[in-house]
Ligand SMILES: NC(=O)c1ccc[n+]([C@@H]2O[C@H](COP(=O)([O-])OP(=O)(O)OC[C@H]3O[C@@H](n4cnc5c(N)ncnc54)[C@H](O)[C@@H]3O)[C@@H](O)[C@H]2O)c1
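Have a look below at one chain only, the form predicted alone, in structure tokens format.
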């Protein structure tokens, strides 16, 4: 019996093609097609002699009966329609974060997946990182007792903002990672959110703020602070794509409970170099390359998704998790615009 899963990629930009590469490395997966109205030439995956089929319209891709599941990595404001179409076509879905840009769209996405009984897994990458997953396991085992306080920092280099060209604010694209993790650890309802922003070179160049600090109060007393930015100077952390010797950024997390504490530090991701341009800290965890293949968290996330499609795994990053993170992001935006805390 053929147990191979046919995959389609909706949105063949950076993240879409990263998923395509990782999925194509799995023995029980075939990446059959991609759709992206911006592409004029069919993409080719490393190690594959023929380019994958390219559609300009994702609805044409969804008509392919050999595709059982899709990765949706389009711009955030187009997720709703892509999910509705994919769900109606009976395709299982891996949806890149954030789930949407409005709660109305998030609710429509959840409703579409439920209505058509398709599996929808959010691509909240950190849930598939062994280090973050070990923190979750420690919390569940009671190692630190009830979590009380969490501080998460994720500051990227300015090139990350340039890659998106001012399309989204930093909290929509990056803060959602840590907000989702904090929900995962606290397992509680957020009741109040406040936020402050700082504007600098990124605002002058791209029209989006450089840094944000978000404070989240939970129903049962937990408190979290999320610091996020994409304004780290390239003169300090040099970004060189496609070379693997680029800059990753500054990432850490501290979780303090009633009986103990847990600490994670990705500075400098266990590997560093220095040359005439300055210090460089390459990504060694999320999607580095090794011997010509993508390895790390993206590969593990995609492998998990294939298990979900086959019925071998339960979804641990649900669309409702995506909605929770989005609700906090939207409240943070209201908070800094209105200069007041927002109750949920």
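Residue numbers count along the first chain shown, from 1. Computed from a predicted model, the values in this text were never measured in an experiment.
As for the form predicted together with the named molecule, it is not shown, yet the points below apply to it.
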Which of 128-136, 218-226, 73-81, 196-204 lies within 4.5 Å of the named molecule in the model of the complex, heavy atoms considered? The stretch 73-81
Quick one: is residue 144 in contact with the named molecule in the model of the complex, heavy atoms, 4.5 Å cut-off?
-> no
Please run the contact check for residue 23 against the named molecule in the model of the complex: heavy atoms, 4.5 angstroms, yes or no?
-> no
State yes or no: in the model of the complex, is some non-hydrogen atom of residue 249 no more than 4.5 angstroms from a non-hydrogen atom of the named molecule?
-> no
According to a 4.5 angstroms non-hydrogen atom cut-off, is residue 36 in contact with the named molecule in the model of the complex?
-> yes
Which one, 267, 167, 115, 189, lies within 4.5 Å of the named molecule in the model of the complex by heavy atoms?
-> 167
Given the named molecule in the model of the complex, answer whether the residues 10, 14 and 163 all have a heavy atom inside 4.5 Å of it.
-> yes
